[in-house]
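As structure tokens, one chain now follows by itself in the form predicted alone.
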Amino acid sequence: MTTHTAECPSSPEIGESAELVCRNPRTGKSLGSVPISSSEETRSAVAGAREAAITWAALGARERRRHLDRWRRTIADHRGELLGLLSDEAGKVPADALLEVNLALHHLEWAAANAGRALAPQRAHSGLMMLGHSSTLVRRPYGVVGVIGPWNYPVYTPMGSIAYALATGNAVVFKPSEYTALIGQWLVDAFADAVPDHPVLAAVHGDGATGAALVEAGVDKVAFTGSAATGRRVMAGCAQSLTPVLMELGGKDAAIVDTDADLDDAADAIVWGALMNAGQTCAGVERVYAVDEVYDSLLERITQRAGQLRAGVDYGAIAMPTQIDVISRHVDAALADGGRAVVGGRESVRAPFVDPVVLVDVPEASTAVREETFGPVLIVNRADDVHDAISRANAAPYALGAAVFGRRRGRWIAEQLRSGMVSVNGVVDFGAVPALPFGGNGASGFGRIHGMPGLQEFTTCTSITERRLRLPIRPQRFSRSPVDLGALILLLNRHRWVRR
């Protein structure tokens, strides 16, 4: 087989001896390489994980917590290496890298500490029909979970699946993005150093072909983070074997600003939510709907704050080169559709960086409003009133996160939004709360990471009824008597007596 080298971030051809060479998105400098996993190697990784999962699941939640805490300390002890990789391979500024690692460790700690509760048998009331029976819901790990991770948050986002799957007794085969392969391998190597006796976290590398191979390799569940288009292909692959999937897809998140909002605080939060990590945040702010009374004052504050920021200084590079084209296309579409740029514009795109762009008066039908931009571009539109703002926010096909700024009606507005998560008087705050599930609705996917639902997402459930007392009335037998049937009639009549 011919040996060849594929350069990240291109899409390499898969071969038995291929390597993935990863480069700094800011400079193009080579950072190192990882071997691309063939289909056979991917199947072997899944088979090895399945064997290791048996012992790992048998340890129990308390012992797994001890091992996961050791992994967490190993990451923290060597954080300088990981922070450096996030800067070099993902193009992040130091502050964004530091925030991401802290969030990831926070979630790892919570998952390890709470998995025992998620796995504990749950008693259920048996009801009058099943008097004499005890009913219990039992949860157990799936076995092997395939995690396909993203490039924008290559530590924090996959940790929401990896940590929660491991804590509940699963083994994990992780395919990091080909754009951040070194970071993914670093996490796996750190686990091997911390937990050498339990090889329950393995990595496979490559592009979409490797992801497809992982889906076909016999995993028991797939957790995918990425675009809706790729998510559909992953789901189609999983459908062939009826493999369950968790889909964390894109967003076009909106912020609503009500009449009584603290406008300085709202502007600070919105600008950060739109531009952090160069706008490469699925739950970041891409649209703002400010009610008419406060629109001009808010826009002035946003314009002033965003105009002071510069790519490469306040936030990092665009990590995936093809995303530059998407950003440019959306800015062009907004302007062509009648929108105006009050900060930046076409000239803001200077690959691999994009300076802040703030657009106004962009029609709701514009591609720039309807599709995910995933860059440092913010649309600020005027709403007639809060009801108009809610209607526009809910009109997008995506429904991942949202933000609301207001005092009196903030919570009420949040409850009217179809998003999976909402921050009131903040932006993306829900992502820093380990006990809250993270995920979306509509085109943003389904299933949840984080919180108790995130732990239970990686478990199967078995319902068990156990007869504890043999009653004389047994209508659920062929040997039932007229007395048994009479008891059923009494139960049926009971429903007629229920208060209306």
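In this text, all values refer to a predicted model and were calculated from it rather than measured experimentally. The first residue of the shown sequence is 1; numbering continues from there.
What comes next is about the form predicted in complex with a small molecule, which is not displayed.
- Remark: of stretches 194-202, 248-256, 297-305, 385-393, the one touching the small molecule in the predicted complex is 248-256 (heavy atom within 4.5 Å).
- In the predicted complex, the small molecule stays beyond 4.5 Å of every heavy atom belonging to residue 314.
- Shown alone here, residue 148 lies within 4.5 Å of the small molecule in the predicted complex, counting heavy atoms only.
- The small molecule is not drawn, but in the predicted complex it has no heavy atom within 4.5 Å of residue 418.
- Using a 4.5 Å cutoff between non-hydrogen atoms, residue 374 counts as a contact of the small molecule in the predicted complex.
- Among the residues 381, 170, 423, 177, the one placing a heavy atom within 4.5 Å of the small molecule in the predicted complex is 177.
- The single contact residue among 233, 139, 106, 72, judged by any heavy atom lying within 4.5 Å of the small molecule in the predicted complex, is 233.
- Using a 4.5 Å cut-off to the small molecule in the predicted complex, each of 157, 224 and 282 places a heavy atom inside that distance.
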